[in-house]
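The chain below stands alone and is given in structure tokens; this is the form predicted alone.
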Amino acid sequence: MKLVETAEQAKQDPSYLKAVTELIYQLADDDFIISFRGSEWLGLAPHIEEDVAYSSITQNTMGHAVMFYELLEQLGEGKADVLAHERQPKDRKNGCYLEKRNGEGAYHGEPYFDWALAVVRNYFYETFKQIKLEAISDGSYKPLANVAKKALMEQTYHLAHWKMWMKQLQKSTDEAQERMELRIVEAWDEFGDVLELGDCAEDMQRHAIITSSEELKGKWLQEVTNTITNVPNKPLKQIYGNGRNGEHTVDLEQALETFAEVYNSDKTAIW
């Protein structure tokens, strides 16, 4: 495997540059949108300790997104702030399931959010993110591998947190078990595109930036099926489309509009 040590070296090979750029957009946009949905739980988590823990995880995850956007800036994609806040939904690469609203209502109104959704979504996502980061940390693009290793120092704790919630709620009251099972079945229909690497997947693997999407998905399935009490007896789907190809829902539009309110009020500020 030939290591690519700098952004300037990556720019010398158009195929390599396109593949690594595509992968970093996916990483950045996934973290960005799930962080936003996490921020909407501030003050609404089941108890004060969880409110603090979830807020910390969300802040860490947004910090990871910042590092990924800064890598894109180094690759010539534009300023990190602009990439995070000003790109249109069709230009985003995040999985559709990650943009899903937390429940009925709105944060500043009557937020009838569902904790079962938060737990299932975060566990599924953090499991796959852990697997991706581990693969990337051994990849050929050194700047990205270094960021992955740094993120993994926090990621282990993020995953352990949500895995604990998954196990506890699946052994809790009848209502908790029922709500968890409903959200797991729902996620099985919606999580599929998160597991994909998009149109550049083959080049990502050929350039040894990351392993194949099939291998990543296999590791994810092995992990989650060992944790889920009742594994859905059906294939994974992506009923909202493929976010890796710019297909998104109105929920993403709502999230981006809300998140950018402060940024748009003063675009010279540092976020």
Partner chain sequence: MTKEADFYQVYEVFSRRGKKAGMQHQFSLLAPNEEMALLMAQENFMRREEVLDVWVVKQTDIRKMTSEERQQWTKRIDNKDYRTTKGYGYLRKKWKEKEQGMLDEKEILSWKEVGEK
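Positions refer to the first chain, counted from 1. Please read all numbers here as calculations on a predicted model, not as lab measurements.
The protein also exists as the form predicted together with its partner chain; that form is not presented, and the subsequent description refers to it.
Contact check at 4.5 Å (heavy atoms) against its partner chain in the predicted complex: none of 182, 188 and 231 pass. Its partner chain in the predicted complex comes within 4.5 Å of no heavy atom belonging to residue 221. Proximity of residue 50 to its partner chain in the predicted complex falls within the 4.5 Å heavy atom cutoff.
Contact annotation: residue 168 falls within 4.5 Å of its partner chain in the predicted complex, judged by heavy atom distances.
Its partner chain is not drawn, but in the predicted complex it has no heavy atom within 4.5 Å of residue 100.
For the options 225, 56, 245, 212, the residue carrying a heavy atom within 4.5 angstroms of its partner chain in the predicted complex is 56. Between 91 to 99, 195 to 203, 122 to 130, 154 to 162, the stretch whose residues reach within 4.5 angstroms of its partner chain in the predicted complex through a non-hydrogen atom is 154 to 162.
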